[in-house]
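So this first bit is one chain, no partners, the form predicted on its own, shown in structure tokens.
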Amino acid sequence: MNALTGSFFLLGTAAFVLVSLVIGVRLAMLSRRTGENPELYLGLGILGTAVLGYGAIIASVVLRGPEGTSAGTPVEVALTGFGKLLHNMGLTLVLLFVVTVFRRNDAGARMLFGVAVSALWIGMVGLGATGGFEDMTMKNVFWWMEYAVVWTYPLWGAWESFRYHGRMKKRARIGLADPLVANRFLLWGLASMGTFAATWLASWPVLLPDPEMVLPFQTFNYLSTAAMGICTVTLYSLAFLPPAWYRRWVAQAAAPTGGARAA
């Protein structure tokens, strides 16, 4: 990895963590004012996955070095375990947000939530108990259980957000919904897809049988992961911290078809 690629990766990582920190804290504080749980679930979920958990895991990887994934010191192992704990707590809260907001009275959704969370935590605990925090190249059944959830959970939020965006967009056209709220569902769906893409871009090399096989793709991997992280937090910002110009743009875009408002 050359200096330019490394600088861009660090910039993208810093932007992703800092913006996620601001949005996570803002949502948690909003929950204190409103007394509602969904904002708290999502705010703490973002802090757990994108800030605290991600930060601890990255710190562990950096300390281990490029050849140190299978021989962790006690500090590195502790960071890996602590990072996974925080990340998976955040992931659980994000899924709880999805169920609470989109599928509150859906027994099937609650069952899916239970299966996903059980697989996630059984996988993480089992991986740690079998030495997976020391050897980050280990891929036993517990590893697959955990990562099956880590790699797919953003898709649920994306699907629900896109589905609700379609409904809200129709209502906004006749003046029965706020266009900015309808647009927020679209942005959150796109951000969820960005999280899905960034997760895969960052982790697909672990599926290779030989770590050296990733070397030809290393520059692309760093650049694409950083770029996707920047895109994702940009969408987060527009959804939860929309500037005035963006609010005006959304309102103007909705105005020509807002029959109720025109009347």
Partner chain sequence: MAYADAFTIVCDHLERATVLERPAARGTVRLALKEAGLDPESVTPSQMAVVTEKLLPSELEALRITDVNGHCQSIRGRLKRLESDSSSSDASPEAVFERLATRSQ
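All figures in this text were calculated on a predicted structure; none of them were measured in a lab. Positions refer to the first chain, counted from 1.
Another form, the form predicted in complex with its partner chain, is not on view; read the next lines as being about it.
Within 4.5 Å of its partner chain in the model of the complex, a heavy atom is found for all three of Arg26, Arg33 and Phe185. The contact residue chosen from Leu155, Val75, Ile174, Val141 relative to its partner chain in the model of the complex is Ile174, the criterion being a non-hydrogen atom within 4.5 angstroms. Site annotation in the model of the complex: the residue of Ala198, Ala50, Leu42, Val233 reaching within 4.5 Å of its partner chain with a heavy atom is Leu42. Contact check for Arg248: every heavy atom lies farther than 4.5 Å from its partner chain in the model of the complex. Contact annotation for Val181: at least one heavy atom lies within 4.5 Å of its partner chain in the model of the complex. Residue contact with its partner chain in the model of the complex: Tyr147 places no heavy atom within 4.5 Å of it. Under a 4.5 angstroms non-hydrogen atom cutoff, its partner chain in the model of the complex lacks Phe16 among its neighbouring residues.
Segments offered: 114 to 122, 75 to 83, 100 to 108, 131 to 139. Contacting its partner chain in the model of the complex at heavy atom distances within 4.5 Å is 100 to 108.
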